[in-house]
Ligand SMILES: Nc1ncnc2c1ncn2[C@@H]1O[C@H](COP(=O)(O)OP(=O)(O)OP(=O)(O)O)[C@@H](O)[C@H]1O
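First, one chain by itself in C-alpha cells, the form predicted on its own.
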Amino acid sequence: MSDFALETIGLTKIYTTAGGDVSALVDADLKVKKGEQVAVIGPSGSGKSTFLSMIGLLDRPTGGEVIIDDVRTSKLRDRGLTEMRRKRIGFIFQQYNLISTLTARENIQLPLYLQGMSLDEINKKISSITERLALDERFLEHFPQQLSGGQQQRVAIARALVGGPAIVLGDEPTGNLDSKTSEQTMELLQELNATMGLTMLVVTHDMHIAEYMKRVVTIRDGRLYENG
C-alpha cells in the first residue's frame, strides 16, 4: 500500500476556444503523503482552480492521472468517480456551500445520508466530529444564515471531515473571512492535522495562509514548481 494519499502524474488540461487551444494545466506532477499538508499558491489565472477541479474529480483531465488512496481514477466511470468523491474526498469551499434550508447539523449529516449509513452510525460520527470541533449542540440547530462566517466555515469543515476522507481539498477556505477568523480557521486545521492525521491540500493566492501549511507548491501558467 502506498504512503501517498494523492498523486498526480503528468496531469494536463487543455481547453478548446474560438481562438485556439489553451493549456490550463501542463504536466503537473505532485505527491502528497498521508497526513501531509500542502498549499498550492498562485495568482488568478495561474491554473489553481483547474488543478483543484482535476484532483477533486469534478472535471476530467485531457491527459495524465490522478491517484487517490491507490486508486487510478482514470479507470473509473462516472458512477465510480461519484463514489470516490463522496467517500474519499472532503471539500472546503470559500463560499461554504451550505444548504440554506438545512440546519448546521443536517448539513454535516448530509454526506453520511448519501453514503447510505444508518441513523445510529450517523449519530456516532456526528458526535465524534462535533466534539473535535467544539460545536455546541444549540449551535447545530441554527440555519446557515443565522451563523457568522467563521461559524459557517466550521460547519463546512465538519461536513468535509465527517466521512473520514482520504484527502481534504480547500478552495480559498478563508477567502470570505476576516484576518482574525482566518487565523483561527487555519489554526483549527493545524490542530486537526495533529490529532486526526488530516491530509490536506489548500489552493490559495494568500501567502500568509499558505505558510500555515507544512509544504508550499507554486503554480504559474499551469505548471507546478516546488518551493525551496
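Computed from a predicted structure; not experimentally measured. Start at 1 with the first residue shown and count on from there.
Beyond the structure shown, there is the form predicted together with the ligand, which is absent from this document and is the topic of what follows.
Only one of Ile209, Ala24, Leu11, Val216 gets a heavy atom within 4.5 Å of the ligand in the predicted bound form. Which one? Checking each option against the ligand in the predicted bound form, the one that comes within 4.5 Å is Ala24.
Between the options Thr62, Ser49, Thr181, Gln190, which residue brings a heavy atom to within 4.5 Å of the ligand in the predicted bound form? It is Ser49 that has a heavy atom within 4.5 Å of the partner.
Indicate whether the ligand has at least one heavy atom within 4.5 Å of a heavy atom of Gly164 in the predicted bound form. No.
Is Gly197 close to the ligand in the predicted bound form, meaning a heavy atom pair under 4.5 Å apart or at it? Looking in the predicted bound form, residue contacts with the ligand do not include Gly197, since no heavy atom lies within 4.5 Å.
I'd like to know if Asp69 sits close to the ligand in the predicted bound form, meaning any non-hydrogen atom pair within 4.5 angstroms. It does not: once the ligand is placed as it appears in the predicted bound form, Asp69 has no heavy atom within 4.5 Å of it.
In the predicted bound form, does every one of Thr17, Gly45 and Glu172 come within 4.5 Å of the ligand, counting any heavy atom? So, yes: the whole triplet contacts the ligand.
Name the stretch, out of 26-34, 173-181, 49-57, 155-163, where some heavy atom lies within 4.5 Å of the ligand in the predicted bound form. That would be stretch 49-57.
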